Each structure stands twice: as structure tokens, then as C-alpha cells.
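As a starting point, one isolated chain is supplied in C-alpha cells, in the form predicted alone.
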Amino acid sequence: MSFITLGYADVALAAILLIANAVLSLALGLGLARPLLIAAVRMVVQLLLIGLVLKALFALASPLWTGVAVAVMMLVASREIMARQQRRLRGAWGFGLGAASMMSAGLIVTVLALTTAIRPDPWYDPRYALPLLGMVLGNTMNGVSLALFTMFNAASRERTAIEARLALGEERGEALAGPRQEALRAGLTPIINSMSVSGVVALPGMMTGQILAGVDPVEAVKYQLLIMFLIAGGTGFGVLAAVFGGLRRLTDERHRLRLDRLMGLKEKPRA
């Protein structure tokens, strides 16, 4: 089976659907037309640039430049986690907690897959390492950001109840059990939903791409199963690390609730 190439005119034709959505947003007064179009333009520019960058990285196959690309991906993803928080930790913790949770989970899972299941030569081959890391990081980033968003908001919302339970002698783990469970569910629900409908409602992206490229469907399924297990593992580890790390930061050694360590979106961080 030959691979069907696309021209830019074919892609532009599909973009008409997005423009139609922007027109509908204007007609209905949703205020989403501008953000939608800006996001689309950003996506086009970013994907075209990354296509050129990946082409160069694949040709070099250098561990140094592959490491640089990995560092850039992680820094951007970490910044996105922080930017999505309605309330976040003050100071370096606001960036560091989500970054450390996502980076550690993403790296562990990706290196494990590269050295055991996929085994490219060399193991850091950017043709395998970067797409794999990108899929794991993207989903782990979403899980971590949802978990932290939910936990910080839940702790703020239930402040009175949490402080009452602490005053009655409960330890911080018991008093914050509600926000903890709510945050874990929020962070893990997207990947659970994704796995539940894979193959029935939706054909996942990697599997679809391989099938369109002419790969045998059974082989494509095996790769997709590997990716989904890696994503689920990375998301789970990242969410757990972020939630338990955040709960430790929201309390102190005397088991007091420390919401003063949180800041809102419009509040300037303290020195």
C-alpha cells in the first residue's frame, strides 16, 4: 500500500471547518472566534517549525541536541502546568511542583520504553525518543495540571471544614482526604476515559497514523497499546507525585493548613 501525501491545499480545505466555527462563534456572541483563530495560527506555525526542527534532529541523531529538545519540551510543558492554575503555590514551588512531577514521571516511563520494549539503536534515537516523550509528556501535563487545579481550589473551598478537622486532632492526611481524592480523580479521569473508548468510539492518533501510512493494523494496535500503557503509567505517577507533594506544601509539620502559601491569578508573588 502506497502512502498518500497531502498538499497544502488539502490542509487548507480542512481549515475551512475551523473558520466556520469561528463564524458561528461570532454569530452566537460566544467571544471565542479570536482565541480560536489565534490558537489555529499558533498551531500551524508551531507544527511547521517543529517539522523542520525534527527533520534536522533526525539527521544529526546527536544525544546533545536530542537532550536540548527534551529540555525545551519539558520547560514549555512545565510552564503550561503553572499557567493553567487558578490558584498556585507561591515562589519557586508554583513552577517546581508540577515540573518535577511531570518531568520525573515522563522521563522514567520514556526511558523504560526505549530501553526495554522499543530498543532503537542508539536508544536515544530522536526519531523514537522525541515523539514518544511528547505523547507521554502531553498527557501527563494534562493530568498534573487538572489534579493541582482541583486540589488547590478544593482546599480553598473547604477551608473551614479542614481546619475544624485539624482542630479536632486529625492528622493532615485525614483532614485533607476529600481534596486529595477529588484531585486524584480529576487527574486520572481523562486517561481512564481515553482507554475506555479506544478502538470502539475512537481510533487513537498513533494507530490511525500508522494505518494511513500502510502499516498492518495488528502491528499498529500493538504499538498503540504500548503507548496507552506508557501514557497511563506516566500520568498516574505524575498525578500522584503532584497531589501528595502539593498536600505536603499546603500543610506544615504542626499539621496546620497553610493556604497563605497559595496565590491567585491576579495576585503578585511575594519575594
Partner chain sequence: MLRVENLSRPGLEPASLTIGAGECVALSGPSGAGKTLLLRAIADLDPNRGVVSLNGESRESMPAPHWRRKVAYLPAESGWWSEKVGEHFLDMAAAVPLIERLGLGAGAADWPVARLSTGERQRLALARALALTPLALLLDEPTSGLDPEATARVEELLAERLGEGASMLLVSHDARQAGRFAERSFSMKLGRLAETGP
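Numbering follows the first chain given and starts at 1. In this text the structure is predicted, and so the values were computed from the model without any measurement.
Beyond what is shown, the protein has a form predicted in complex with the partner chain; the following relates to that form.
Undergrad: Would residue 84 count as touching the partner chain in the model of the complex under a 4.5 Å heavy atom rule?
TA: Outside the cut-off, so no.
Undergrad: Is there a heavy atom of residue 168 no more than 4.5 Å from a heavy atom of the partner chain in the model of the complex?
TA: Close contact exists here: in the model of the complex, residue 168 approaches the partner chain to within 4.5 Å, heavy atoms only.
Undergrad: Using a 4.5 angstroms cut-off on non-hydrogen atoms, would residue 185 count as touching the partner chain in the model of the complex?
TA: Residue 185: no contact with the partner chain in the model of the complex.
Undergrad: Indicate whether residue 255 is a 4.5 Å heavy atom neighbour of the partner chain in the model of the complex.
TA: Within the cut-off, so yes.
Undergrad: Only one of 191 to 199, 168 to 176, 87 to 95, 71 to 79 gets a heavy atom within 4.5 Å of the partner chain in the model of the complex; which is it?
TA: Comparing against the partner chain in the model of the complex, the contact stretch is 168 to 176.
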